Every structure is written in structure tokens, then in C-alpha cells.
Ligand code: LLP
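Only one chain is shown below, in C-alpha cells, and it's the form predicted on its own.
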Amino acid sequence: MSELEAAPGAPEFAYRQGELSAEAVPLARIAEAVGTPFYCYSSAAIERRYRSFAAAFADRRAGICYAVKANSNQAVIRLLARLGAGADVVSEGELRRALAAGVPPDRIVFSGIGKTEAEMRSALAAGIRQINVESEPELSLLSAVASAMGRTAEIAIRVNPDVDARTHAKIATGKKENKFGIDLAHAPGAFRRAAQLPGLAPVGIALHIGSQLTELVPFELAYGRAVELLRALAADGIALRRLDLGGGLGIRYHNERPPAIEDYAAMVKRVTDGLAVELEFEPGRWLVGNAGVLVARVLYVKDGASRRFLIQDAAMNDLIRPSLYDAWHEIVPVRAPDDRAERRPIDVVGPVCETGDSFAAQRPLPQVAPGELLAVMSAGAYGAAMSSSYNSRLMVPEVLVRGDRFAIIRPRPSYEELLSQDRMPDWLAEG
């Protein structure tokens, strides 16, 4: 493999002098410093993606609110905030993370179908930009909370356009059988009611039809229906000034061919042509997915009766996507393999006591030995954010690279810290 040949994913991850590196930092050097497994993110990759998204809409009034659920590390949020990004949050915890990371309140959008009274109060007290409401009962509760606080909540109502996003069933959100949003037939009534309720100021329409979309057709169909609703509401005397188009644009994990951001932008501009509204977008995976890797160490290579198993020290609690979604992630050796090396099918699995703790089945890989390092590519989104301490395993540390430097942005906890989270009731405390 040539010295600067890129690994699958972002070009910022490439082989240099035979070692897979993040920008100018060899991953093996990070492994020596922090141990394995660990997540590593490239600042340059995140910055490059944000700037290309912003450039695609530079000729429009458009706001980019990073979907914090994709990767909620405060360093990642701050990196994007310094580039001008806002934040799309779905819980009070994410709201607090965004504020702590330096996102201005007037760039924060609060989404999600199950907001509590406490979360509404927190959002209103912070003075955030917009709350995306997903049901008529939520309208009533938010009106009561805002009125009691003497505040006016600027809201967008999330509509469900009943569009098949052609993505995994567990991450599709825009079909009528999904739990999200208000269906188009009832949306006009919801907007009329919102305009009459105290403490609410309806300012926009919001929608989000799913994640990891690799075609433009579902987007265009959903956006077209939102524009039709916007015009119908205007004719009914309800003038809105924002159109929140959500996120969901996919990335390459394996052999997908996601549309270029320029093609996506051209479609959005065509569908919204002539509208005097501000556009809002909430990309998450698209910004950070290919900008991160999970690095693991090979523990054993085991020959079973009918299959070979590569057992690594990263597990489903560290990266659950393959177990939860049957998701594909490229897996490559950190030490560059010889181009002529034989690749044999092997199951890549983790140490958790679950058959589902599998990263790849019968994946052709070059021979690797115990102690060698592997990189699970395109792990920057929904990796660390969905991780847990299942099997009482320590949470994986996160590392951010910039040029030839790296910093630990979430340390691996100690076992003492893990155990200290439990509390013993008084009737078990003695003896």
C-alpha cells in the first residue's frame, strides 16, 4: 500500500510510512498513550465537511444546526460552533452540552417528541432560537409552561410528510406509521391552534424524514410537500418565516453513493425557489461520521469448526451500530498490509457475552496477529454517543487530532469511578 494511500472514509485518515494516521498522527502512537480501544476524530475532516455544507448554501439565508446526538462530545460541538454552527438538541442534557461548549442560545433548536416540562422550562430560560413541536398535546403543555414563565416560545411544528426515506427501518422517521411529527392532514389545524394559544409564536415548519439517506428523491418529495403546506398556510393568513429541513444526508460506509452536497443544495434551492424564508438544516452524521475511527487491538485469532474468528478488545457496547442495525463498517489493519497479502474470510467479534457482539461476518481481511491494531472506519457518528458500560466494561476514551497534535477529550474512567456510580441501600450496607 502506497505511503499516502487513504483508508476508506475521510481522506484525513491515510497510511503514512506504513502506519494508518489521523492527519499527521499515527494511530499506533495514540494507542501507546491511551490504550485500546479508543475513538479518534480528525478536526480537519470535520472542518472540511462543515465548510463545504456552508459554501453550498452561501447564497441563501441558511442556518446549520449540528445534530448533537450524532456525537455529543463538547470538544466536537465547540469545534463546529467556532465555525458558525448552531446545535440541534433532543434533551436537556444535550442542551446543556451545547451551551457549555459555547453554542449561542439563539442558534439552538430543540427537537424531539417527548419533551418534559422541565426540558421546556430549561429551553425557555436559556432563550433558545426555536422549539420544534411534534404533537398537539405538546402545543398545549408548552403554551402553559411559557405563559407561566412570562415567555413567548418561538416554535416550528414538525410535520410528517409520509415519505419513504428508503433507509433502515429503525432510522426512518417520515412515514405515517412513524412516531414523529403531525400528519399533513392535521397540520393546518395545529398551526391555527398554535397561533391562538398564549405564549407561542409559530415561526416555521420543520421536518426530518430519516437518517443515512443516499438518494435525493425522498428529500425532494418531502420538501415539496412542506412548501405546499407553507403556501397554503400563507393563503390562510399564517405567514411563517422559517423552513427547517432537518438532516439525514447519508455518508459512505461501504459501497453507498451519497449525493454530493452541491447536488443536494441545488435540489433544495429548486424546491424552495421564490420563498422568502430562512432555511435551517440539522446535519449530524454527514459532518462527523467519516471523521472518526474506533481503534481496537486483536486479542485472539480462533479457528472454529466451520469459521475463523478474530476477537478484538472493542465490543458492541463501544460501537453498537453493527449489532443494532447490521451496519457495515470498513475494518482495516493499522499497519499497512502488503498489497499481495492473501485476504481470508473471518468473523470480527468482540469480547462481550452476546452472540450479537459482532462487527463483521466472513469479512475478507489480511492476516493479523494478536497484539496488532485494527481501525473500524467511519465511526465518528453514533459510536461514542451510543456507547455504554455493558458487562461493566469501561467507557471508551475519545481523542481529537489537529495536525500533528492530539488531545484526550474524554478520558477512560477507572474501575473505581465505575463502581462509585452505584449506591448501597442501608439494609444491605452492613455485614
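Since the structure is predicted, the reported quantities are computational estimates derived from the model, not experimental observations. Numbering starts at 1 and runs along the sequence shown.
The discussion below concerns the form predicted together with the ligand, not included here.
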* Structure fact -> Answer key, the ligand contact in the predicted complex at 4.5 Å (heavy atoms) among 242, 115, 129, 208: the residue is 208
* Structure fact -> If we test each of 333, 284, 181, 86 for a heavy atom within 4.5 Å of the ligand in the predicted complex, the one that passes is 284
* Work out which of the listed stretches, 246-254, 222-230, 137-145, 93-101, brings a heavy atom within 4.5 angstroms of the ligand in the predicted complex. => 246-254
* With a 4.5 Å heavy atom cut-off, would you call residue 394 a contact of the ligand in the predicted complex? -> no
* To do: Look up in the predicted complex whether residue 325 has a non-hydrogen atom within 4.5 angstroms of the ligand, and give yes or no.
  => yes
* Interface membership of residue 379, the ligand in the predicted complex, 4.5 Å heavy atom rule -> no
* With a 4.5 Å heavy atom cut-off, would you call residue 111 a contact of the ligand in the predicted complex? -> yes
* Asked: Are all three of 212, 321 and 386 close to the ligand in the predicted complex, meaning a heavy atom of each within 4.5 Å?
  -> yes
* **Heavy atom contacts to the ligand in the predicted complex at 4.5 Å, residues of 46-70 in sequence order** => 67, 69
